[in-house]
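The chain below stands alone, shown as structure tokens; this is the form predicted on its own.
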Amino acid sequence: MTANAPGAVRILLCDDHAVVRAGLLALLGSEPDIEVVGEAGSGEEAVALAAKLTPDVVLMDLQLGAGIDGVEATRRIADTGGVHVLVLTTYDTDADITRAIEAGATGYLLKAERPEELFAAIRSAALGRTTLSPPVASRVMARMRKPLPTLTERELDILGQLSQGLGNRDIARALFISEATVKTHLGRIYDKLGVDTRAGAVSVAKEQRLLP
């Protein structure tokens, strides 16, 4: 861990790759006003350490291998209050961004950003200010400008079943249609919502009030 000046921004790193954490530790150690106080290799560990260490900012990856993902870890940390979460990831899909922001992330940064941008984002996050990578900000603005998608009654039915965690076979049985028909409708739903996963479809549908 770094040992920096009093009043430094206290950081908890969460990434399931030790090499990535080591690189971030070395990078952040070059800034006198940033202090890394802990490292977590899983979502569960990040939640526990955030409660124990009460850092100013948790630098959170989204994909964390086994256990809860970065979005769920962000939600649990944000729900406690007082600790800001800055997502640092390679993923920039609409679904990932939406889920992270809804979970309470203060900012969303891509790992491709320059070190100076990362430092600035950390300092902003510590003050509770939102920071988004330019590509992420562009996607957010495009989503806000885009009119809400129009889903057919059947697509809404399938979304409702999807939100209950049902698989294609169970959805087909519940709606008295074939699995092939379910897959076709799912493809159309994904296209309309701009997602590529079931979880993403449910998340965006709830965000846009397409589901109760």
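Everything numeric here is computed off the predicted structure, so don't read it as measured data. Whichever C-alpha set is largest while still superposing within 1.5 Å between the two forms counts as the rigid core. The numbering used is simple: start at 1 and walk along the sequence shown.
The protein also exists as the form predicted together with a further copy of the same chain; that form is not presented, and the subsequent description refers to it.
Colleague: Any idea which of 92-100, 113-121, 69-77, 134-142 reaches within 4.5 Å of a further copy of the same chain in the predicted complex, heavy atoms considered?
Modeller: Partner-contacting stretch among the options: 113-121.
Colleague: Give a yes or no on whether each residue among Leu24, Leu162 and Lys206 has a heavy atom within 4.5 Å of a further copy of the same chain in the predicted complex.
Modeller: All three within 4.5 Å in the predicted complex.
Colleague: With heavy atoms only and a cut-off of 4.5 Å, decide whether Val9 touches a further copy of the same chain in the predicted complex.
Modeller: Residue-level check for Val9: no, no contact with a further copy of the same chain.
Colleague: Is it the case that Arg198, even though its partner is missing from this view, gets within 4.5 Å of a further copy of the same chain in the predicted complex, heavy atoms only?
Modeller: It does: once a further copy of the same chain is placed as it appears in the predicted complex, Arg198 has a heavy atom within 4.5 Å of it.
Colleague: Taking heavy atoms only, is His17 within 4.5 angstroms of a further copy of the same chain in the predicted complex?
Modeller: Contact check for His17: yes, within 4.5 Å of a further copy of the same chain in the predicted complex.
Colleague: With both forms fit on the core, has Arg21 moved 2 Å or more by CA between this form and the one not shown?
Modeller: Stays below the 2 Å threshold, so no.
Colleague: Under a superposition restricted to the rigid core, does Leu12 display a Cα displacement of 2 angstroms or more between this form and the one not shown?
Modeller: Superposed on the core, Leu12 moves its C-alpha less than 2 Å between this form and the one not shown.
Colleague: Relative to what we see here, could you say if Ile68 and Gly160 have their Cα atoms closer or farther apart in the predicted complex, with a change of 3 Å or more?
Modeller: Their C-alpha distance shrinks by at least 3 Å in the predicted complex.
Colleague: Given that the distance between the C-alpha atoms of Arg198 and Gly70 changes by 3 Å or more in the predicted complex, do they end up closer or farther than here?
Modeller: Between the C-alphas of Gly70 and Arg198, the gap widens in the predicted complex (3 Å or more compared with this form).
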